[in-house]
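Starting off, we have a lone chain in the form predicted alone, written out as C-alpha cells.
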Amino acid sequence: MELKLSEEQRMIIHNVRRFVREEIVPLERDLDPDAFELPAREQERLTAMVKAMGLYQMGIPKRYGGPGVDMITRTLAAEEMSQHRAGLYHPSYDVFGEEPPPPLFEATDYQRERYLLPLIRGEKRVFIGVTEPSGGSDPARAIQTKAVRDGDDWVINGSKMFNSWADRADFGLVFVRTNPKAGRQGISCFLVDTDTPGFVVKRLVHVLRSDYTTELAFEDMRVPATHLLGEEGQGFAIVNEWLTANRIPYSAVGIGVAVAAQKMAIEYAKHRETFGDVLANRQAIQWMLVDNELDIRTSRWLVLHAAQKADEGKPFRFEAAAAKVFATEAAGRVVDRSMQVHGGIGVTKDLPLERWYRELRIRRIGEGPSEVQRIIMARDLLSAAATSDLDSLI
C-alpha cells in the first residue's frame, strides 16, 4: 500500500478538518443534543462554502461536472466529516452534498434528465427502498413486493421498512420482485416518484438514532416502464454492488467518531484528577487509551485497503466486508471505553459520547449485519477467493 498522501489529498483532508472544527462544531453548541438538521439559513451558508471549496458531492464523476474524487480520498474525507456530535448519521449535516446513488450514472437519457441531474443540482432528494418487514439481509429471498407488467406500466404492491426520509424525498430507487420464480434474477429496480398515486407513507419508525425512518406501502401503484432502472432482473446485481462499495465510506464514518471520542478521552485523562493524581497516570486508563488506538488504527488500515482495491478495479467484496465488521464493532468499543474514562459525565448529554454510543449500535446491523458480512468472508475464504497470504495484498 502507498502510505504517502498526495498534496491534493492533504489539501482536501485539511480543508474538511478545518471546516468541521471551525464551522460545524461551534454551531452544535446551540443545537439540541439530538438535532439532525441545521437551521435552513446555516445549511445554505455552509453548503455555499463547501461548493466554493470545490468539495461538494465529491463522488460525482467529472463527466457530470463533479470532482471525481477517488475512493481513498473520499474515505479519508468521510473520517474527517464525521467528527462532531451528529456525525455518525449526518456527517457535517450533509452540507458536503447528498451524492446520487451510483446506479443513476448508468441510467437512460430520460432518467438522467428527470432524476440524476436535478439530484446533482440539489433540486431533488432521493430515498432507497430495499428492506421489507420480511427481512433485509437477503434481498434475493426477502423481497416480497411485486411488480406486474400491465401494458406500458408496472403495477406495484407491497411494502418497505427503514427508509430514511422517504417522507421528504422526491423519488426513490425501489427494489421489487418482477419474477416470483427467478430468485436473484427476479429482482428489478424502479425509479418511483413519491407523489405517485398508491405511494403511501404508513408511519414514521423511530429507532435508536436521533432521527427516524419510514415504513412505506405501495397500493396498486402504477409506474411507467420507462422508470425501470437497468434491465429487468438486474436489481439484485445493482443493490449488491452498490452496498458493497458503500460499506467503505460507511465504515470510515465510524472511524471518525472513534477518533473524536479518543481525543476527548485523552484530553480528559490529562486534566481530570482523582485521589491526588490525574487519570492519565493510572495504568487502567492508559490501557484503555492504547486499546482505543489499536482499534482505530486497525480499522483505518482495513478500510483503506478496501478503498485501494476499489480504486484499482480489483475485487474488494471480502475487504469491504472485513472493514465493515471490524470498523463498526471497534468504534463501539472505542466510544464505550471513552465513556468509561469520563465516568458519570460521559453518559450525560453535555457530551456527544452517549449519542455516539446509541447510534453506533445500529452500525452493526445497517448496511448488512456483522454476521452476514462474516458469512460473505467465509464463503470467499472457502472458495479461495481471498486468503491471508501476502499475495492478497498486492
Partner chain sequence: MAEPYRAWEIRREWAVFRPVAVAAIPGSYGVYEIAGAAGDLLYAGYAGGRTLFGLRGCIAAHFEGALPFAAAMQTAALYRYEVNSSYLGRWLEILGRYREEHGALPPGNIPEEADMPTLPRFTGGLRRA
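Residue numbers count along the first chain shown, from 1. Everything quoted here is computed from the prediction, not taken from an experiment.
The form predicted in complex with its partner chain is left out here; the points below concern that form.
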Only one of 187 to 195, 101 to 109, 278 to 286, 148 to 156 sits within 4.5 Å of its partner chain in the predicted complex by heavy atom distance, namely 187 to 195
I have Arg63, Trp242 and Tyr250 flagged as a candidate spot, so tell me whether each of them has a non-hydrogen atom within 4.5 Å of its partner chain in the predicted complex. no
Exactly one of Phe96, Phe162, Phe199, Phe175 has a non-hydrogen atom within 4.5 Å of its partner chain in the predicted complex; which residue is it? Phe199
Note which of Asp70, Glu329, Glu367, Asp34 lies within 4.5 Å of its partner chain in the predicted complex, where distance is taken over heavy atoms; exactly one does. Asp34
Might Arg168 be said to contact its partner chain in the predicted complex, defining contact as any heavy atom within 4.5 Å? yes
Its partner chain contact at Glu44 in the predicted complex, heavy atom, 4.5 Å: no
Does Lys124 reach its partner chain in the predicted complex, with heavy atoms at most 4.5 Å apart? no
Using a 4.5 Å heavy atom cut-off, state whether Pro39 contacts its partner chain in the predicted complex. yes
Residue by residue through 347 to 369, which ones have a non-hydrogen atom no more than 4.5 angstroms from its partner chain in the predicted complex? Lys349
